[in-house]
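Just the one chain here, laid out as structure tokens, in the form predicted on its own.
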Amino acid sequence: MRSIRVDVIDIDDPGDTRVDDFRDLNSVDRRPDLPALPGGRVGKGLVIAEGVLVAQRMIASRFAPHAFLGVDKRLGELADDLTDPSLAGIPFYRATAEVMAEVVGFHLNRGVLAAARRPSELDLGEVVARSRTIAVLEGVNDHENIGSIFRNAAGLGVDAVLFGAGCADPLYRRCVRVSMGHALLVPFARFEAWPAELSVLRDNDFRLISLTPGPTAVPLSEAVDAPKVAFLVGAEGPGLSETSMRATDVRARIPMSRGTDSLNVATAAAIAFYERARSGTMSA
């Protein structure tokens, strides 16, 4: 049996500064995953993974963890993953559940956290060039919806997620948790000029599809059969802007019943991803 590569360090004092990267995770003005803090202060901008499964996916991702904090039971559950040579010398701060709760500010049922620094963001053009099916988000500012979209994208074969104007941070702790760590594995990039940079997708032969409940939109199943497809989804309530929809090739709707006019954005995206997978054109 291979030995773990991390350095196990016992933490008995919740005030120990060595665990500051995990401190006050619910604080609006001190959270370590905020790149910017109130008052114009610069934050740490860390990526925090919660739980064994999400920590495992962080280890497997480009978000290299630089520290762990967890109870002894979770250390044992992660033992096989902690044999990775890339983790040599990284501290695993072992603490009781009570000490962890005082550090993070609440009782953490998942029992382990991992922290990573944010690497450079991926280049939009390179992400697009490597993809055949893409989700494009505009104005999606709910972290749980973004996390769910990443999880749906991973499970249904979507290659990347792109962020337009008005979207929340995909590396916020709740987003990473809800995505089950897939926000760390599914490539994502941001548009600098929105929606003008949608031309990058068109230049790479993507069919741009606006998801909308509009009555003139075609049924979704009729729009997904192109070799390359990008689905645009908007925020809860307002949906996609008219400006963005005008920049797409087709407007498509999910057939609804019983007077329902729309679905949750993550649910709608999942249906679009499934319809694309069902069409058999994802890997054509």
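In this text the structure is predicted, and so the values were computed from the model without any measurement. The first residue of the shown sequence is 1; numbering continues from there.
Although not depicted, the form predicted together with a further copy of the same chain is the subject of the following passage.
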item: Answer range among 180-188, 111-119, 200-208, 94-102 for contact with a further copy of the same chain, defined in the predicted complex as heavy atoms within 4.5 Å; value: 180-188
item: S27: touches a further copy of the same chain in the predicted complex, heavy atom cutoff 4.5 angstroms; value: no
item: Proximity of L53 to a further copy of the same chain in the predicted complex, heavy atoms at 4.5 Å; value: yes
item: Partner contact for G155 in the predicted complex: a further copy of the same chain, 4.5 angstroms, heavy atom; value: yes
item: Interface membership of D21, a further copy of the same chain in the predicted complex, 4.5 Å heavy atom rule; value: no
item: Contact assignment for a further copy of the same chain in the predicted complex, among A226, L220, A247, A235, heavy atom within 4.5 Å; value: L220
item: Site check P255, T267 and E275: each within 4.5 Å of a further copy of the same chain in the predicted complex by heavy atom; value: yes
item: Residues in 119-152 close to a further copy of the same chain in the predicted complex, defined by a heavy atom within 4.5 Å, in order; value: E144, R151, N152
